[in-house]
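One chain follows as structure tokens, the form predicted alone.
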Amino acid sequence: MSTPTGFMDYKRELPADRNPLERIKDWEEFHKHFSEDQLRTQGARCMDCGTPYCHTGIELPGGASGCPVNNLIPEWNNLIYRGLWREALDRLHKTNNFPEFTGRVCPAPCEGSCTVGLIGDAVTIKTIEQAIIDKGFDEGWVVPQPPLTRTGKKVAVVGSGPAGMATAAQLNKAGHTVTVYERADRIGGLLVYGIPTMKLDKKIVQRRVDLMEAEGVQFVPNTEIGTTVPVEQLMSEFDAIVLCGGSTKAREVEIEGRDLKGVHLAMDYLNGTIKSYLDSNLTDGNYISAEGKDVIVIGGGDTGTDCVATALRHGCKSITQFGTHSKAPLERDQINNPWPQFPNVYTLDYAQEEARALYGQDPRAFSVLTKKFVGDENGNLKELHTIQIERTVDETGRKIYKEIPGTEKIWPADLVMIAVGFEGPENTLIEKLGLAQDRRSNVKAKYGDYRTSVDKVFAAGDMRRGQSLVVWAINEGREAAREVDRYLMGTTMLP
């Protein structure tokens, strides 16, 4: 333990973010950083619990509890307190291939299950994690570590998102020759196309890709398996195949007027902006612009929030974010949402902070159901019709929505983004390989084993589990690599 009374002596603190009204003028990351002394103080708050729930990594109602990659959090908190940064980095890399990603975009279920949170505010785990890896790169401690020998086995990884990258990194470490195929023009999957640059600078992603290439991993962009490269070729050339294509089939809405001009899927909107920004700093105009428009985002999750932040940077006239859920309480419900479940409490994410700073209020409208889109005589969207709802859950867990009469409302709108989640993976490759699917259309493969119904084909990440967190994708990529190594060699030393 760093200091037995640290959690009582010091208050939880977080680095200040850049001013919301300033950061919406650019596309740079919005977090600032603590000094080493401040990080040491925050590390001192860690209790080194007898049972550290922060790294349990289990699923509970409402989401994950603890770190899904089982980061050894009390250990590196103590090392930071003692000023042993290099040792802390080694301990962090022992369980997490990409802490520079999770330190930026993970919602930190570890903090939700921190034992200090039982009586006060959790340890600032995520901030310390990012600081360790950033210092590691700044000091030149993170260097290529190619394997000393090669096994002669070849593995193809389909998809270069966090699951694919984790799979590739671990299999390469075991000495296998790994080729990662990506259909987009840049490597990184949703780390590049899916998460806006202000949350995750793409230079951070490319830095890790360059490191993995130096270690011997081959990345092949602009290549779609089943189209650019036949599946038969992959099956004949490689000893094992790992599918990490993600859950990319967007969920649609059956609402009157859906075909009006101005109604778009959220990922088309986000990824168009990201690509245009990376290609030309938005000068090519190859994206859907929210400039000067009344914008509504349908969906209260992370994707919808990223749409809000993007529209603000475009210069929208107004922004509203609809959610069918009710407004969360200010404090954790100890009966229905007890520790160590992830706390369901009212917070402002970065985009809502920005909208409030610009317009004076939280842009979210809760318990709202969109009834129809209405357009003008030219087929352009002009307004939305909504009604307030009450949401309940029946005995089977199914959500039931009851409309509240007299709460109808008309909203002016020029641009709508639909961000209501994803249905599962795209079926083209799955069908060509003849893979079994579960009831949610994901590739059928047991968690912890990852073998599909076809010999030598494995699946990991969102393609297997459905839409989830980056940190769960890394967890599955690491575990799938272990099982592929066992399949190829009969035994494995991978964790």
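One-based numbering along the sequence shown. The structure displayed is predicted, hence computed values, not measured ones.
Not pictured, yet referred to below: the form predicted together with a small molecule.
- Looking at residue 100, you'd find every heavy atom of it more than 4.5 angstroms from the small molecule in the predicted bound form.
- Among residues of the shown chain, residue 93 is not one whose heavy atoms approach the small molecule to within 4.5 Å in the predicted bound form.
- Heavy atoms of residue 343 never reach within 4.5 Å of the small molecule in the predicted bound form, leaving it off the interface.
- At a distance threshold of 4.5 angstroms between non-hydrogen atoms, residue 197 is out of contact with the small molecule in the predicted bound form.
- Contact here is defined as any heavy atom lying within 4.5 Å of the small molecule in the predicted bound form, and by that definition each of 183, 189 and 469 is a contact residue.
- For the options 172, 303, 78, 273, the residue carrying a heavy atom within 4.5 angstroms of the small molecule in the predicted bound form is 303.
- 422 is the sole member of 422, 238, 366, 85 with a non-hydrogen atom within 4.5 Å of the small molecule in the predicted bound form.
- You can rule out all but one of 29-37, 437-445, 455-463, 42-50: in the predicted bound form, only 455-463 has residues with a heavy atom within 4.5 Å of the small molecule.
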